[in-house]
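One chain is shown next in structure tokens, namely the form predicted alone.
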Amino acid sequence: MDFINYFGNVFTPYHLMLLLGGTTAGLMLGALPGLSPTMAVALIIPFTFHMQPDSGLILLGAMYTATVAGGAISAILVNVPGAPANIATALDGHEMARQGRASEALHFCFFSSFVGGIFGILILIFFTPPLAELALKFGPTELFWIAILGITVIGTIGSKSVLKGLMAGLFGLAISTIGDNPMLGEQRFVYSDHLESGIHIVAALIGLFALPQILTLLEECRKGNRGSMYALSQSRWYQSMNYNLRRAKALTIGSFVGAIVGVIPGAGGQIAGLVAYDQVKKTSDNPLNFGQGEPDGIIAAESANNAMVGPSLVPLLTLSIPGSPTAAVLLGGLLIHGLFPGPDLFTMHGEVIWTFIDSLIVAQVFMLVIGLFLSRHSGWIMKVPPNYMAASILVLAVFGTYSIQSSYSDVLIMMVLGVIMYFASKLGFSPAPVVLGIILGPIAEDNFLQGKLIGEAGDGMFNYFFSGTINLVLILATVGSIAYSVYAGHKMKKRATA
């Protein structure tokens, strides 16, 4: 129980000040479209150069946990996910805001993030050795099948029509192939100089979600609606907490999916949130409510996003293999302070590492308290007239897109995708399957090509992809997901008809 022995180190005035500042800044930065957790942690690393190792890691850890939850603020209030991990949150969170239940949706977000975050950190504390061994077993074929498993949820994410969901997902997969192939070094579908570097996921995310929202708000202005965006109603936090804790199935599915995805190197929180959302929807007694303001959608997605944080540090601290892009940036923070991940890290620098892990628990408490405070004052955003809100979102969209790579091409791509999505949404298409296709496309393609090269050099490609316990489990899960999707779709159609 080494983590108990070093808990006192977290409660020094200096460390508490770092936790408070890091959590507050993380929630604010996470709510800005384009400023993902990875970018937020990368921006703060220079400020830790002259800190003690434990103090620097405490600040980075607080930023990490808070920005993951902060991205849900903009997803709920203005339908623009702060990061890819918050895509699933927007599907029901913004619908709740449209119904005047913005504060209630934010309550669900922060309570479920807290529960999932604590669960993930406990996994990190008590199950690090066996999970590190599991992470080592994930190679190209395992990651390929995980991507394929993720693709099976495309048809049912965010769209009332499975066919339209699949068409949108295929469009996203096609977009993901634009640019250079990192394995073969070939250019594909580069019809303009602006496409030479491909389409960045954050530029696509902002374009597909933010620009249609801007044009919709301008439509409201054209109709003469210049008052408050939506009706407002206040919700007591303790009532939301009581309801949230009763949604045990959504919390359990979200937390376990987040923990499993977090351990897998390179999977990322965006997959965790979407897979958890899909599983809760499939097992729900009222699947037709999803996308209409169903709290279980927010609870599952946000608990998964934060449950991913702790387990993503397992392969990082023990094997130097980051479990997420943000964990990769944290690796740089460790190396700057002369801390080299490996089996000896917990023995040679036990005080620093356990103080850092303990601070993540306290950071979850700070995130919950500050988040609930922000929820109380969410109403003023909903009172902003549509024309001012449209202008504000446009400025943030352009700023967030340009800040990724300081590229005018990213801004142009964002605008084009946004206009296409605006007209597609009129036909019933959703942006969520498109973004999921863009995320999963490179993961599936790169790992397939790596697996193909390894398989052809060994016993053959078929044996390499269709052998091994993990591969077979993932293949069965993929087949089961497809079969259950067909069954659930048929069941939903019967209910809709009835």
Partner chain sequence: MINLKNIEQAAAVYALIAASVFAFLSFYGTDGETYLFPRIIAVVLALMSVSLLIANWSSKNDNRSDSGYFAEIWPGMVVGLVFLLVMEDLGFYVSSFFAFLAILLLYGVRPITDIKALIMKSSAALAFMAILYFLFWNGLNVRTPTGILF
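Note that the coordinates shown come from a computational prediction; the quantities given were computed from them, not determined experimentally. Positions refer to the first chain, counted from 1.
The form predicted together with its partner chain exists for this protein as well; it is not shown, and the discussion that follows is about that form.
In the predicted complex, its partner chain sits within 4.5 Å of a heavy atom of L29. Contact annotation: I439 falls outside 4.5 Å of its partner chain in the predicted complex, judged by heavy atom distances.
Taking the partner from elsewhere, F171 is found to have a heavy atom lying within 4.5 Å of its partner chain in the predicted complex.
When its partner chain is considered in the predicted complex, S284 lies well away from it, no heavy atom lying within 4.5 Å.
Only one of 200 to 208, 416 to 424, 247 to 255, 333 to 341 lies within 4.5 Å of its partner chain in the predicted complex by heavy atoms, and it is 416 to 424.
Checked against its partner chain in the predicted complex, the candidates I125, L195, M167, I118 yield a single residue with a heavy atom inside 4.5 Å, and that residue is M167. This chain lacks the partner; the member of M241, V369, V398, I361 within 4.5 angstroms of its partner chain in the predicted complex by a non-hydrogen atom is V398.
Residues N181, L184, E186, Q187, R188, F189, Y191 are the members of 178 to 211 with a non-hydrogen atom no more than 4.5 angstroms from its partner chain in the predicted complex.
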